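Take a look at this single chain in structure tokens; it is the form predicted alone.
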């Protein structure tokens, strides 16, 4: 494995160099991106300037025959939050890049002039090519155009017009097995950083490349088999997610009183049943779509799906729970077709669905449109795609929009919007929102698993007891899982099944020819978090940034009629390990 660096500020145009892993040996995914950004990027650099770097890294097991190993990490200093950022996605990019022998591809510097570039990566190396014909294309037409030149046996990473305009909510799209640009490194504005390097597309072609071979093939094969068995017998990864996707959570969170409604004014939504995973799956099947689909080859959970319009034509991938909530209940919209259209538009323009949904909720609170206005919501996202002044404000996220329109209730931490769980009803996720290194990110320490789903134990979501330890342990574990290239949903099975966790350890150990223990996983997670925390400290962040917006402390939410109860000194203890 090697690291490739592309210097866009080099005299005479972009220069590609290749080097060994060196100090980054043994790292992958989030460990690679965060350690590299923390080491090489000045913490006070402008996120859209030449000093920032965009690090693209497959996971430690990506490119192998290991199931669920196709997650790709993209890291940088975030233009949205000002913190360090790792955003990851499924799709085909990680597997293909790893099979070509790259542990990381790093975009550095900043080009002069206005030329737009595409990067072609194959077994012969890396080419950086000027292609101004791609300017301001959105993701679906962009991939369609690239396919006429590079074909259907490659993976594409692209940015839409939002990334090109360097809007702070811009994402990077990765194509799925059907070459649809539906799997997004969504959070933190990573697409804007790719746009700042004038890179419109990355084409990754692994023709002639082979699977990465494990040090002990027999042991790896046996461990992978046991790992898959564990995933298939767990009720979440083997039943709930394959049948209904992540949107199985809509009814569950609504019943728990933790489903934020109309910009976090209530914990329940009267229209939730119309948005549920059950209703969504039934509609998808009725229209000839799919309720079960894998976002990359080698996925055994299959939590995605295919959503067709009322005429039976493909519209978008199955909108995930957070997307359905953000554009649905959060905006007072209970129509799945509207949510699906907004999901398609977000993917096409290239913006984070969560950030955009919360932003529209803030805009509704400001009176730009009314809650429940389906056509108005679509019109606002169209503004983002057009790049109008209003669209540029909205495309820079909830915090910017809240400031421009003087809205007090902006559900964001470190300027990143919260996802579909109200911290007043799910105290543990509030701890994660407040303290994660990357802004309000539910995946960073998914306390919902234990607070609501009772996976890995039972911590009462309405009480403070046990929440700090829960969030701490989950943040450590998540940082490690994000480094392996494994889908985070494996956590449900490995938290409940010691034998499945052991199978994962055995996969890592037999692949690298080492003995891997649970303590090693904890050490890796702590190493990643420590590097991220150090970067943020040097960037000017303090414990006072590890707080929720004040309205969560001051406004009680129905139906439980309570506020966020965690004390500041408790939050300050999360990283005291």
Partner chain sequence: MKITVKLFASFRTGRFEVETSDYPPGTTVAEIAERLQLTTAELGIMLCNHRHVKLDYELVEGDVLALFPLLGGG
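On a predicted model such as this, the values are computed, not experimentally measured, just so you know. Positions refer to the first chain, counted from 1.
Keep in mind that the form predicted in complex with the partner chain is missing from the display, and what follows is about it.
Problem set entry | is_contact(residue 202, the partner chain) in the predicted bound form, heavy atom dist at most 4.5 Å | No, residue 202 sits far enough from the partner chain in the predicted bound form that none of its heavy atoms falls within 4.5 Å.
Problem set entry | Residue contact check: residue 453 to the partner chain in the predicted bound form, 4.5 Å heavy atom | Yes, residue 453 sits close enough to the partner chain in the predicted bound form that at least one of its heavy atoms falls within 4.5 Å.
Exercise. Is residue 249 one of the residues lying within 4.5 Å of the partner chain in the predicted bound form, judged by heavy atom distances?
Worked result: So residue 249 counts as contacting the partner chain.
Problem set entry | 4.5 angstroms heavy atom contact with the partner chain in the predicted bound form for residue 254 | Result yes; residue 254 sits at the interface with the partner chain in the predicted bound form.
Exercise. Since exactly one of 370, 499, 458, 375 fits, which has a heavy atom within 4.5 Å of the partner chain in the predicted bound form?
Worked result: The residue from 370, 499, 458, 375 that makes the contact is 458.
For this session: Let me know the one among 407, 462, 179, 505 whose heavy atoms come within 4.5 Å of the partner chain in the predicted bound form, would you?
Result: That would be 462.
For this session: Work out which of the listed stretches, 230-238, 94-102, 135-143, 388-396, brings a heavy atom within 4.5 angstroms of the partner chain in the predicted bound form.
Result: It is the stretch 230-238.
Exercise. What are the residues of 189-223, in order along the chain, with a heavy atom within 4.5 Å of the partner chain in the predicted bound form?
Worked result: The stretch 189-223, when checked against the partner chain in the predicted bound form, contributes no residue at the 4.5 Å heavy-atom cut-off.
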